[in-house]
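Have a look below at one chain only, the form predicted on its own, in structure tokens format.
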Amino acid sequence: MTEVLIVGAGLTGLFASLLVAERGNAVTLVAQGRGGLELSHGCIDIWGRATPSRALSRLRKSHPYRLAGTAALHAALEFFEEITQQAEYPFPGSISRNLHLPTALGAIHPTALAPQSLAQGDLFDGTPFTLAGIDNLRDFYPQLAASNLRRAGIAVQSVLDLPIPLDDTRHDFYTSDLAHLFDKSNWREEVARVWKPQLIGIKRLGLPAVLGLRDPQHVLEDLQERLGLTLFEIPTLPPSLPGLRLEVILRRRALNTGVHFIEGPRVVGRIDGRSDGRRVSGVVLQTVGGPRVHTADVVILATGGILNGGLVFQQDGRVQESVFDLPVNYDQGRGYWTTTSPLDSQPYSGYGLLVNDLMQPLDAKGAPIFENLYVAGGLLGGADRTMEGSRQGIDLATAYRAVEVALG
């Protein structure tokens, strides 16, 4: 049995921990925070600017997708779909054709895989749809979304505001407040009674993402049956219910398969002094009670980029990797990190660690720095994941490749 230590609890780290645990190995996941899933739209973006399956073959050799390989991407997606299917939270979609989903601002979000409640809002479906807001719900404005979609040539049939069947509606609600209510069968029955007379003639209805947290697929199907139409959800500002649902599914399965979680302490890498610096021995946890050493046979870094703490941008112009202080590929001088237009690709988005096709970080000469240290996800350089629309695909493919190599 191999003892594996994974640093980071976002999509990359949680997915990697499941891959390790379900192969019968001991795995500990260490994280200073929660990861970014609850801030995400909860979909799997693979390539947003073209058909994913065509685009990936044309990427430069240093791109994370090319380093991980298409076999790793396909295997990762297969395992991901197995996880979500078994959790009764299916993700329809395909690597050969993107879904095109509406956002809360009325933009169009291309994505490869999405939860069914979001995928039913595919704008290329052709079925007429109405957008509806919910009274007293914060951060979702259907008139704004409809206006921007129409500007983009998408026909929105109509816009509605639906009431909340509560006696006290004097305060605003968050999406999580309504999600807990929609988990209750008697609440859904009352909602259907109040809403149905206002939905006559509507075939497809778009709502903010509030349809349950514990069993969202059942909530979706039950409410559709009660209302007699097709529903789809649109993710709102964070915390995002679709992202939170996915986090809950992955964490629950990780705990059930024996993953050990340590959350809270800052982590500092530890090098094995007996190996002439060729191997790492684990990490040191900076806890309230003092430093605590945690050893492992293999360490996988899934700490993310600048927004997640894996990379630290210093005032003096240095960019540092936060655990082992590994060399980062970046432009010298803070003036080169950004461009003048916020709509352009930002140079800092491509900063990160250079790795080989085994997901091992490399030194300035292109040689692996440590034999048993691997990197996956947003910590990798060579890709502007936001502009490419490749964030979650890279997370899954590189996590799969790192685990595949680490466990032999």
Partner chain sequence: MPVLSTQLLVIGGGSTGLGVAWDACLRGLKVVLVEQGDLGQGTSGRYHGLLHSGGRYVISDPTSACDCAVENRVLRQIVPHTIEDTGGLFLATPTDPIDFPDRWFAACQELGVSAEEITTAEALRLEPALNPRISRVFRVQDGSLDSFDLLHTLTAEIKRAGGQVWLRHRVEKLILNGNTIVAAEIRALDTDELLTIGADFFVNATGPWAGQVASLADIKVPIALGKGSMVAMATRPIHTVINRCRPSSDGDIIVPVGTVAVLGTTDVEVQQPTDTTIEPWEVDFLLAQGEILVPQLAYQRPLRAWAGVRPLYRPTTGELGETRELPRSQIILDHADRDGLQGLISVFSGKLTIFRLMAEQVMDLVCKQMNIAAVCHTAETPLTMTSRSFYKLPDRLAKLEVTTSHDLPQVVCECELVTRLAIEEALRFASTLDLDEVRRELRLGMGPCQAGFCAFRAAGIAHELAPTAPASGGLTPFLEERWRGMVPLGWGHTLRQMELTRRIYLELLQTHSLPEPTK
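Positions refer to the first chain, counted from 1. For clarity, every value in this text was computed on a predicted model and none was experimentally measured.
We do not show the form predicted together with the partner chain, though everything after this point is about it.
Partner absent here, but in the predicted complex, which of 222-230, 74-82, 102-110, 193-201 has residues with a heavy atom within 4.5 Å of the partner chain? Partner-contacting stretch among the options: 102-110.
Consider the chain as shown here, without its partner, and state which of Ser94, Gln157, Asn136, Asn329 has a heavy atom within 4.5 Å of the partner chain in the predicted complex. The residue from Ser94, Gln157, Asn136, Asn329 that makes the contact is Asn136.
Just to confirm, Thr127 within 4.5 Å of the partner chain in the predicted complex by heavy atoms? Result no; Thr127 lies far from the partner chain in the predicted complex.
Please run the contact check for Pro235 against the partner chain in the predicted complex: heavy atoms, 4.5 angstroms, yes or no? Pro235 belongs to the contact set for the partner chain.
Whether Pro342 contacts the partner chain in the predicted complex should be assessed with a 4.5 Å heavy atom distance threshold; does it? Yes, Pro342 lies within 4.5 Å of the partner chain in the predicted complex.
Decide whether Ser147 counts as a contact residue for the partner chain in the predicted complex under a heavy atom distance cut-off of 4.5 Å. Flag for Ser147 set to yes.
At 4.5 angstroms, heavy atoms only, are Arg54, Leu59 and Thr70 all close to the partner chain in the predicted complex? Contact check failed for every one of Arg54, Leu59 and Thr70.
Any residue of 308-341 that, in the predicted complex, places a heavy atom within 4.5 Å of the partner chain: Residues within 4.5 Å: Asn308, Gly309, Phe313, Gln314, Gln315, Arg334, Trp337, Thr338, Thr339, Thr340, Ser341.
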